[in-house]
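This document opens with one chain alone, in structure tokens, the form predicted on its own.
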């Protein structure tokens, strides 16, 4: 698992700042917004916002110097990555990795739902600094970035702040696909949908969860009365403004039994959805606390999963299976399985080393050590996918 946060060896009395990593001096654009990643033996080049020394020693730094040894857990930092350094607290946060295809922006930890399996439990504290930090970071990201996620918490709670972030993405990353994870409830406001649509982003998708075809069961999962009605209204409003939608279903004991009925509900009532994602459980946050009530071995819900996938496919709706290992899926479902787990929290087991289809398998969340399917096994002979 790749670390994205670390402690610095010393603190300085300075404000937090966002900067892009530079290793090759020929790539420098604005040194006041760049950090030089260098060997301590090299000649110090003046003018950079800060310096990270790859030697992991601190013998040339003072308490007031913007020079820090690179924390060992951030050895993966490379040219073009973007970090935020908080000198007073002595923290460094990797906000963006140029070489990764799994970059996302956590723009708030506040939320208006309280999902029983939430992997990022909501917080009440003011976190406006997150939006401000990403507004600084977006212009520093590579315009060649293929996709960028926006997540929370609930990003729609930012209101016009979310519109501002999307405008910044359109301006500085015009070729980058933007995928927003939202519960969709606040898009019941038609004017909010209008504002989002008016950005005219060329490649925008909103991923919105729907957990049941029965309102009270969806409301139970998200722990909010009336959430089902608000979500459906939001979906219909977004469709009215032709904003692309992905419907997401996290699979656990409270959602799998009516999965075929939910598939029928979606094809009949929400056929405008561009994609449906059927997702395995990430055992972090509330999912960890509620695991005894939520856990079901994926091998045990294969009939429901298969029926739902076949129904979507038969009705011409794009459908994918996320966060599942190939060895727990019926072979007929393999063409729908995707390698969806972010690289910084993805891992494989020792038995995966001898699996013939490891290269096509999504592996595990690092948190899956808490509970795994009893049917995990290496596949000896490669089968076509």
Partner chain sequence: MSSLPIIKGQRFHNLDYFRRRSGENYRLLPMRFIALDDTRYVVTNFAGELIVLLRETMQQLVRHELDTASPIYEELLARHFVLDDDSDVALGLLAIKYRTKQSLLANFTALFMFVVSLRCDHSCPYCQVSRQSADRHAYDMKPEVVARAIDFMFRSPSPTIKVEFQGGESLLNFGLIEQIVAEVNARNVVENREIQFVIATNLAPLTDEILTFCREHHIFLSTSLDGPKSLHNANRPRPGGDSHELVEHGIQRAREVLGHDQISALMTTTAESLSQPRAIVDEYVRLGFTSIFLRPLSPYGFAVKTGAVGRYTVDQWLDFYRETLGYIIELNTQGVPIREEYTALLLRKMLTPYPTGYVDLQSPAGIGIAGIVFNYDGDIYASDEARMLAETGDRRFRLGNLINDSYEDVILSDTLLDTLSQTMTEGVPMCVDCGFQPYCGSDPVYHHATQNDAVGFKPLSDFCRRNMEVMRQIIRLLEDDPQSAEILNTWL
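Bear in mind that the values here come from a model prediction, so they are computed numbers and not experimental data. Numbering follows the first chain given and starts at 1.
The protein also exists as the form predicted in complex with its partner chain; that form is not presented, and the subsequent description refers to it.
For the chain shown alone, residue 219 is a contact residue for its partner chain in the model of the complex, at least one non-hydrogen atom being within 4.5 angstroms. In the model of the complex, its partner chain sits beyond 4.5 Å of every heavy atom of residue 101. Its partner chain is not drawn, but in the model of the complex it has no heavy atom within 4.5 Å of residue 86. Among heavy atoms of residue 228, some come within 4.5 Å of its partner chain in the model of the complex. Proximity of 261, 264 and 267 to its partner chain in the model of the complex is complete: all three residues have a non-hydrogen atom within 4.5 angstroms. Checked against its partner chain in the model of the complex, the candidates 115, 150, 140, 162 yield a single residue with a heavy atom inside 4.5 Å, and that residue is 115. None of 310, 189, 136, 91 but one reaches within 4.5 angstroms of its partner chain in the model of the complex through a heavy atom, and that residue is 310.
With the partner omitted here, the stretch from 228 to 236, 296 to 304, 201 to 209, 243 to 251 that lies within 4.5 Å of its partner chain by heavy atoms in the model of the complex is 228 to 236. Contacts of stretch 305 to 323 with its partner chain in the model of the complex, defined by any heavy atom lying within 4.5 Å, are made by 310, 314, 315, listed in sequence order.
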